[in-house]
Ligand SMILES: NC(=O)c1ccc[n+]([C@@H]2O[C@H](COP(=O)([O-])OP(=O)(O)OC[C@H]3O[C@@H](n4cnc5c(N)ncnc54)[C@H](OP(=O)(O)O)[C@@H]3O)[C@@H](O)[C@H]2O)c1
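Single chain ahead, by itself, as C-alpha cells, in the form predicted alone.
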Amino acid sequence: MTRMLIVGGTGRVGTAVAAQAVERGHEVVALSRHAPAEGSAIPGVRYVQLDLLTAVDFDEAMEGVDVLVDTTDGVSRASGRVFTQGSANLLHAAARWGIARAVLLSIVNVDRCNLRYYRTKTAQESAYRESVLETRIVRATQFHDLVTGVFRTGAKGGIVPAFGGVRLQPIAIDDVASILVDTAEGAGRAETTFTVGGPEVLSFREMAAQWKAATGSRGLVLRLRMPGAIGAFWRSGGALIPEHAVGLITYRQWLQARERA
C-alpha cells in the first residue's frame, strides 16, 4: 500500500484521483487551500488545508508520503504564481521529507501555446523536471467538462458556440484520473512525459450537436471564430494527439451518463 499526496485534492481531477486511489487500497492525503464542498468528502481520505504560496510547514501533509500527485489547476493570475512559486515551495518541502516520486498533470503541447496560462504550466513542468524527485508528467487533452462549459455559458444567451476550424480530442476526467493513479503506482519509465488523449477527434459543431441532443437545449448553433492565442493554437491542431487516444469514454457517453445522474 502506498501513501499518496494529492495536491489540489478537492478540485475536479484531484477528487477523482483520490477516489480511485482509495478504491485501489492506497492511503490518500488530499492537500488544498479549500476544504471539500459539503457532501463531497471521500471516505478514507485525510484532508489538509494549506496554501502553497504562504505555507511554511508541510509536516501534516507530507509525513509518510511515498508519491506526490499534483493536479493543481486554475486560470486566474494567482494560479500562475501557484504553478511557479507554489510548486517550488511544494517540491522543496517534498525533497526535505524524502518523497521519492512525483506525478504532474499538464496539457498536451503546453509549450507550443503563448497563452499566459500555458506559459505558467510550462514553467511548472520545468520546476518538476529540475527537482530531485523522480518525476513523470502526464499531458492530457481538454476535458469534456471544458467543452460543456463553453456550450452551457453560450446557451444562456441563446447561442451554442461552434468555433470554426477547431477540432478537439476531449477526454473524461475519470480516464485521466485512472492514468494518474497508474503512473503514481510506477507505470511507465521515470523522468518521462506521457501524452494522453480522448478516444475521438470531433469538431466543435459535432460536439455542439451532441450537447444539444443530450440536454434538449434550444440554443442556436452558431459558427464563431475563437480569438487570441488559444484560438490559433486549437486551429493549428495543437490540442490533438490522435496517436495517443487512450481515453475510453466518448463525449456522447459522458453526456448521457451526466444527464442520467
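Numbers follow the displayed sequence, beginning with 1. Here the structure is a predicted model, which means the values were calculated and not measured.
Only in words, not in the display: the form predicted together with the ligand, which the text now covers.
Remark: of stretches 149 to 157, 133 to 141, 183 to 191, 92 to 100, the one touching the ligand in the predicted complex is 133 to 141 (heavy atom within 4.5 Å). The contact with the ligand in the predicted complex, taken as any heavy atom within 4.5 Å, belongs to Ile107 out of Ala162, Ala172, Cys113, Ile107.
Only one of Ala229, Leu220, Leu50, Ala209 comes within 4.5 Å of the ligand in the predicted complex through a heavy atom, and that residue is Leu50. Heavy atoms of Gly237 never reach within 4.5 Å of the ligand in the predicted complex, leaving it off the interface. In the predicted complex, the ligand lies farther than 4.5 Å from every heavy atom of Arg225.
Among heavy atoms of Ile179, none comes within 4.5 Å of the ligand in the predicted complex. Although the partner is absent from this view, His26 stays clear of the ligand in the predicted complex, with no non-hydrogen atom inside 4.5 angstroms. Looking at 112 to 140, the residues that come within 4.5 Å of the ligand in the predicted complex, counting any heavy atom, are Tyr117, Lys121, Ala140.
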